[in-house]
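Presented as structure tokens, the chain that follows is alone, the form predicted alone.
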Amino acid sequence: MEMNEKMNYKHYNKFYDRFDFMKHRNIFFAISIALIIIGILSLFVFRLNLGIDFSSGTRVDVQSKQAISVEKVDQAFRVMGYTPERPVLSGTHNNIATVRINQELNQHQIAEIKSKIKDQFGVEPNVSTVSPQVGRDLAKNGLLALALASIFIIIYVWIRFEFLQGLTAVLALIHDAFFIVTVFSLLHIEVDILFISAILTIVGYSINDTIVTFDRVRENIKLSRKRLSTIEEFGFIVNLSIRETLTRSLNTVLTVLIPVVLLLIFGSESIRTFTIALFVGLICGVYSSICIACPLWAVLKVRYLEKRKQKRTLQTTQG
């Protein structure tokens, strides 16, 4: 290809030269579609394990100066007339238990729990309660934040690059967010307000990675000095751009993954939801930036150019 000779100005190792991202695009798309279908089925069958932040209820953090057992904590609440979900132990010596009660407690009930738990375990527990209305508002605001972020991303990428790149970037972000939701649904991990924070964090990280690749695409299109029109020509540009940014993308995600993994191993139970969502989102984010966003943009771009060409031909014929 003539363009290949003009733009082959860098030397890549054998793996980069051999692997064709555009050639395998249908495999990547099929994997993502399969994951989306699994996610939809999972949400229908298992649903999301919503924490009290979204579903309302009361959370009690029981602390003790020594190790405590799930049975002992559960029994303490049943004696008071409550039926809590299975307590979750945390802390260095299993001296903290998180208990969830699926009802909104009043001030008198909260005072009773604090008094009796302190008498039994020696430390006054932390009690937080969320009403159904607050839970709905938190869920609505979380979705609104994600929607607004997507709109502004499209506008930003549209101004800096073009609309189709903004659209594919947001589709890749939705793909990442939905995959995190799928994992949480399949594993029945509790979803709380930190989950929304993790989603928005991944959105910011993933869009940065995607924009870097799109920026390289734009530069390589300029260097080609040719009006691109076929999937082969766009495919060459996409492959070249991904290869030039691949090492950076992988190094960046590995650098971020290291502290996230350490947080998963040594971090507090209270931020476990956040770290799991980050871990899944980082892996999915680098995958979508490399294998979904740019190849999908190339496919949509060629289809757009073909439709525009057909429209012009039809107008010329009718004229």
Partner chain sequence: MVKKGPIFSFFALIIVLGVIIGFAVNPIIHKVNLGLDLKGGFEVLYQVEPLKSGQKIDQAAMSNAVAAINKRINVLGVSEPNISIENGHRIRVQLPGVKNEKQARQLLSTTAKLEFRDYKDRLMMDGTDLKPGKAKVAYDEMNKPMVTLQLKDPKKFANVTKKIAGYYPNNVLVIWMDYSKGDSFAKEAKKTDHKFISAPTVQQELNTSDVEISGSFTTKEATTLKDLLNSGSLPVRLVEKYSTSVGAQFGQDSMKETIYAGALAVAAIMLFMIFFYRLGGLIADITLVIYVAAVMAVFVGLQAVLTLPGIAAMILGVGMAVDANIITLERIKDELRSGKSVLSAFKAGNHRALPTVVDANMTTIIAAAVLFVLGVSAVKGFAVMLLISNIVTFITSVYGARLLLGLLVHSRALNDHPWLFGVRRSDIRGNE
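Positions refer to the first chain, counted from 1. Just so we're on the same page, rigid core means the largest C-alpha set that superposes within 1.5 Å between forms. This one's a predicted model, so the numbers in the text were calculated from it and none came from an experiment.
Another form, the form predicted in complex with the partner chain, is not on view; read the next lines as being about it.
Visitor: According to a 4.5 angstroms non-hydrogen atom cut-off, is residue 270 in contact with the partner chain in the predicted bound form?
Guide: Judged by the heavy-atom cut-off of 4.5 Å, residue 270 is in contact with the partner chain in the predicted bound form.
Visitor: Any of the heavy atoms of residue 252 lying within 4.5 Å of the partner chain in the predicted bound form?
Guide: Contact with the partner chain, yes.
Visitor: Does the partner chain get within 4.5 angstroms of any non-hydrogen atom of residue 274 in the predicted bound form?
Guide: Residue-level check for residue 274: yes, a contact with the partner chain.
Visitor: With a cut-off of 4.5 Å between heavy atoms, is residue 32 one of the residues that contacts the partner chain in the predicted bound form?
Guide: Residue 32 lies outside the contact set for the partner chain.
Visitor: Just to be sure I understand the contacts: of 187, 174, 123, 80, which is the one whose heavy atoms reach within 4.5 angstroms of the partner chain in the predicted bound form?
Guide: If I apply the 4.5 Å criterion carefully, the residue I get is 123.
Visitor: Can you pick out, from 160, 72, 226, 116, the residue that has a heavy atom within 4.5 Å of the partner chain in the predicted bound form?
Guide: Among 160, 72, 226, 116, a heavy atom within 4.5 Å of the partner chain in the predicted bound form occurs only for 160.
Visitor: Tell me the stretch among 228-236, 175-183, 189-197, 81-89 that has any heavy atom within 4.5 angstroms of the partner chain in the predicted bound form.
Guide: That would be 189-197.
Visitor: Going by heavy atoms, what in 243-259 lies within 4.5 angstroms of the partner chain in the predicted bound form?
Guide: Contacts from 243-259: 247, 248, 251, 252, 254, 255, 256, 258, 259.
Visitor: Once you line up the core, how about residue 282: does its CA shift reach 2 Å between this form and the one not shown?
Guide: No, the C-alpha moves less than 2 Å.
Visitor: On a core-based superposition, does residue 292 travel 2 Å or more at its Cα between this form and the one not shown?
Guide: The answer is no; the displacement is under 2 Å.
Visitor: Taking the rigid core as reference, does the Cα of residue 115 move 2 Å or more between this form and the one not shown?
Guide: True for residue 115: a C-alpha shift of 2 Å or more.
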